[in-house]
Every structure is written in structure tokens, then in C-alpha cells.
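Next up: just one chain, as C-alpha cells, the form predicted on its own.
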């Protein structure tokens, strides 16, 4: 089975500090795995995500994403690699308020030729976006509304659609359920995992809430990775 993420002897240190702020001895995540990463606030979860996506670079060790060693890439190349291969669901969803639902979903295709080509492989680009939204329960009459004109629950679904547009190999979700009640949280996760299953994407879902672990194939404590 192909490896999506491979980390060995990783250390990351913020500048002007004396101690390593994050260490990961070894981590391997196979393609198609559904991984739950947990730990308390301040434990380094977001820092690890930033390293996995190339926002930050590590000081020691190795991070390979889909076989590519991130530290061999320039900042511009890391940005493009992230746009091409990684879909991101943010804690506050980060939909652009001045764009309508369709244009928010299409955003990844403006930044990545690979995801653009993937998205229009079987259908015209706009039709692909509409079909994805429909599969997530976003009715057609909402497609031309701006992000501020739809409910929080609908925004969550649009955020899922945007992350999946163009079939990126890896989906990263950073505390996207932190403000939801239990029923809404469970529904969100089931919907997300059902969609990820269709594309066989790898998902790394980050949270401090360990009660969510049962939804995933594998659970990892960030404090036990060092």
C-alpha cells in the first residue's frame, strides 16, 4: 500500500527558543487511512499540520508527503504542492464571504491545474461542483447565495465540498467540530467520512475531543509520537 505521510526523527523549533517545540520519532499513514489525531490545546497539533502542509519547515529529520520530501522544495513549490494535493477544512471554515457557494467550492481549481483537470475529467467543472454540493445536501437554490447568507450547518457542508473538489489525495481537518453540539458534530463527521470514502482520500482529523476517535480507523495521541 502506498504511503501518504512518512515522518522520521522530526524536530521543529521556533526561532529564538531554546527547546524543541515539537518532536515526532516516527509516523506512517497509508493512502486511504482515516486518522484521528488528538491532544490538548498547546500540544502541537496545529504545528504538526503546518509542517505536513509545508507552511513551516522542519529543522531536523524527514517529512515525506506522497513520496515528496518537503524540505527539498522551495516555499513557492511547497505552496503549489499543498494546493495540488491537500484539501483543508478549517475550524471556522474560512469561506470567502463575498463569493457565492459555487465560487467558494471552485476555489481550489483556480490555484491548482491538477485539481482543475481532475474536477472536469468526467463532467464540466461547474457541473462537478453542483453534483458535489448536491451529494452533501446543499440544494440548488443555495448555490448562488453568498457564504454569509447560508446557515452554519450549510457552511460546514460547503467547506467539505471545497476541500474535496478536484480529488486531493489528502484531507486535513483542523478542529472543524469544536463549536458544534453532539448531534451536529456526529452528523458532520459521518458526512465527511462518507465523501472521503468515495475518493479514497487519506484524512487526518485533528481534535482535542477523544470521544470522536470511534469514527476513525486509527487514533494517534500527539504526545505519544515523540
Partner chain sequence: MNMFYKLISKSLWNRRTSVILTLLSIALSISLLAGVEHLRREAKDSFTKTISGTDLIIGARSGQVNLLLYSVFRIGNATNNISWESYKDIASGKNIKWTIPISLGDSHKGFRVMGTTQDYFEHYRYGNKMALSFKQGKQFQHVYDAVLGHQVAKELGYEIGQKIVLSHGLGKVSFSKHDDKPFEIVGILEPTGTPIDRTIHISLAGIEAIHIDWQHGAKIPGLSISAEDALKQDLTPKAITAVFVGLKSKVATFSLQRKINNYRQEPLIAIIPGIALVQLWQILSVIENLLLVISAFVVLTGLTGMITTLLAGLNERRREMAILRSVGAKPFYIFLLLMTESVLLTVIGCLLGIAIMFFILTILKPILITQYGLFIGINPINSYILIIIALVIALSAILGLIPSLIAFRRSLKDGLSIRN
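Numbering follows the first chain given and starts at 1. Fair warning: this is a prediction, and the values are worked out from it, not measured in the lab.
Beyond what is shown, the protein has a form predicted together with its partner chain; the following relates to that form.
Does residue 127 reach its partner chain in the predicted complex, with heavy atoms at most 4.5 Å apart?
-> No.
Its partner chain contact at residue 106 in the predicted complex, heavy atom, 4.5 Å | Answer yes; at least one heavy atom of residue 106 falls within 4.5 Å of its partner chain in the predicted complex.
Its partner chain contact in the predicted complex: residue 114, any heavy atom under 4.5 Å | Result no; residue 114 lies far from its partner chain in the predicted complex.
Does its partner chain come within 4.5 Å of any heavy atom of residue 94 in the predicted complex?
-> Residue-level check for residue 94: yes, a contact with its partner chain.
Which single stretch, out of 197 to 205, 34 to 42, 64 to 72, 51 to 59, brings residue heavy atoms within 4.5 Å of its partner chain in the predicted complex?
-> This holds for exactly one stretch, 51 to 59.
Every residue in 46, 76 and 110 with a non-hydrogen atom within 4.5 Å of its partner chain in the predicted complex?
-> Yes, all three are in contact.
Counting only heavy atoms, which residues in 159 to 174 are within 4.5 Å of its partner chain in the predicted complex?
-> Contacts from 159 to 174: just 162.
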